[in-house]
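Single chain ahead, by itself, as structure tokens, in the form predicted on its own.
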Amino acid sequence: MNRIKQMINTREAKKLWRNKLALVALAIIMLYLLAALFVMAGGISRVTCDTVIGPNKMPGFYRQDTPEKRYENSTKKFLTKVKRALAAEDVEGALSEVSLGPFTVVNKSPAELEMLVAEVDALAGELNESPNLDIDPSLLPKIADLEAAEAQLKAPLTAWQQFVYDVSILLGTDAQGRSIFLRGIYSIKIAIQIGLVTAIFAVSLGAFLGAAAGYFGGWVDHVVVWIYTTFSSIPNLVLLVVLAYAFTNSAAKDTLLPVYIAFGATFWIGTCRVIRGETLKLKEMEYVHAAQTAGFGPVHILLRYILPNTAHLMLINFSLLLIAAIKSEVILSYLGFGVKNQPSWGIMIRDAGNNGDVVGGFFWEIGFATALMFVLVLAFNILSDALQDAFDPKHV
């Protein structure tokens, strides 16, 4: 802790604070962390992300869809649910269960609702006579009438409900009618969570084993080198597939535990090598020899003199490993081996590809997920370079 305090007050730290680009990157990272904390506090739940809130593939920034799509949106989903409820035996009970995101059925009698449905059907029937609404601009006013008639079936929203809904559809909806914006923001928590857990575990384990190997040498060094050489020969993807099968029949099969174990088992290797090399140099320093002469034990010397003087390397490796974990999670989730049953950037990119979004020119989902990942990784890369320039003796 004292070493970290010293680092904050050193000339190198002042050099870091003068790096405006690094400060901008740090501010961006803080925004991502705040978003992750907001999700963890229950601001956006997994259920909310999976809730259908509107038509499929609604464009973002409140752009109007094509006439054909507008016609389809007004004659499906909510209207279909209302018709099904009106045909049920318990009409009142069925109507109370009809919802589409924040929208529920307006408080009217079944007879009044049937009249509204008939009005929508009549307008839809007139529009259905057109072979292609996209090339018939004269029918645009009638499409607006159809949308207005369908909107009468929905209960009006409160000001807060309307605000939440507007935010939810800011970037449109995916192929299932779920909010792209909410799913992307929720995925920040998954990325930060996996990155932090992996980086903390990898840096802690790698620093301890590397320092022990470098300081004690002999059989300790041989064992540590053999362990990280063996684990470095196992690709992350292969290890994750094996772990996925290992957890198939367990309660952890749909959790992030297999990802943590797969990343944690291999990501510590780079830190271990760096800290081992630095320890080999530090143990020959005069202050370490002085501590040995004074009668301090090896554990005390490691904790008091060796590891604190490798804090700058641990900090740099922490930032680099966090980036690597986030990118690896996206790749593995895209391939179907990472995150399960909850939103993540890799899953969003995969779903966009599977649903033909890119081929159809619908870039909202894949674009938002890619942009969020790109900005976060870029910010960490800039911060990592700034940390290395400021604290790594080879760069100072």
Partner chain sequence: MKQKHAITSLLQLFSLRFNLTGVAALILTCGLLGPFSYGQSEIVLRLPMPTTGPNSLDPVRGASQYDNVAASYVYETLLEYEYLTRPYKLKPCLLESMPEVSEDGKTFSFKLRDDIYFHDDPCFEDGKGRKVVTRDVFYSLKRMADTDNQPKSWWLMQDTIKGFDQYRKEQNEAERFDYDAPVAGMVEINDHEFQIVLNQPFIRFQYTLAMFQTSVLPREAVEHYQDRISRHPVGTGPFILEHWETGLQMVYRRNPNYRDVRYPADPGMKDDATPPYQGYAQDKALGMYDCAGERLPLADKVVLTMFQKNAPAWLKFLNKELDYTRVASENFSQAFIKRKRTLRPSFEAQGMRVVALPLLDMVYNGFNMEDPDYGGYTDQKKWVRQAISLAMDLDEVNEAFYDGINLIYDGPIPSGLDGHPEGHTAAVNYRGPNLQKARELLKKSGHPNGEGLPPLVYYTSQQAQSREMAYMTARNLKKIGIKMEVNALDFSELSEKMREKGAPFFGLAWGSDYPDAENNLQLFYGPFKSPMSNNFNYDRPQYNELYEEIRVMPASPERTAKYVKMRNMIIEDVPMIGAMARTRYYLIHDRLKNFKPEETFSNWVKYLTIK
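In this text the structure is predicted, and so the values were computed from the model without any measurement. Numbering follows the first chain given and starts at 1.
Omitted from view is the form predicted in complex with the partner chain, to which the following refers.
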- Using a 4.5 Å heavy atom cut-off, indicate which stretch of 185 to 193, 280 to 288, 71 to 79, 206 to 214 touches the partner chain in the predicted complex. 71 to 79
- Query: With the partner chain left out of view, which of 133, 170, 157, 313 would have a heavy atom within 4.5 Å of it in the predicted complex?
  - Reply: 133
- Message: Please identify the residue among 147, 166, 254, 114 with any heavy atom within 4.5 Å of the partner chain in the predicted complex.
- Response: 254
- residue 41: heavy atom within 4.5 Å of the partner chain in the predicted complex? no
- Look up in the predicted complex whether residue 354 has a non-hydrogen atom within 4.5 angstroms of the partner chain, and give yes or no. yes
- Distance check, residue 153 to the partner chain in the predicted complex, heavy atom within 4.5 Å: no
- Message: in the predicted complex, does residue 300 come within 4.5 Å of the partner chain, counting heavy atoms only?
- Response: no
- Within 171 to 204, which residues come within 4.5 Å of the partner chain in the predicted complex, counting heavy atoms only? 176, 178
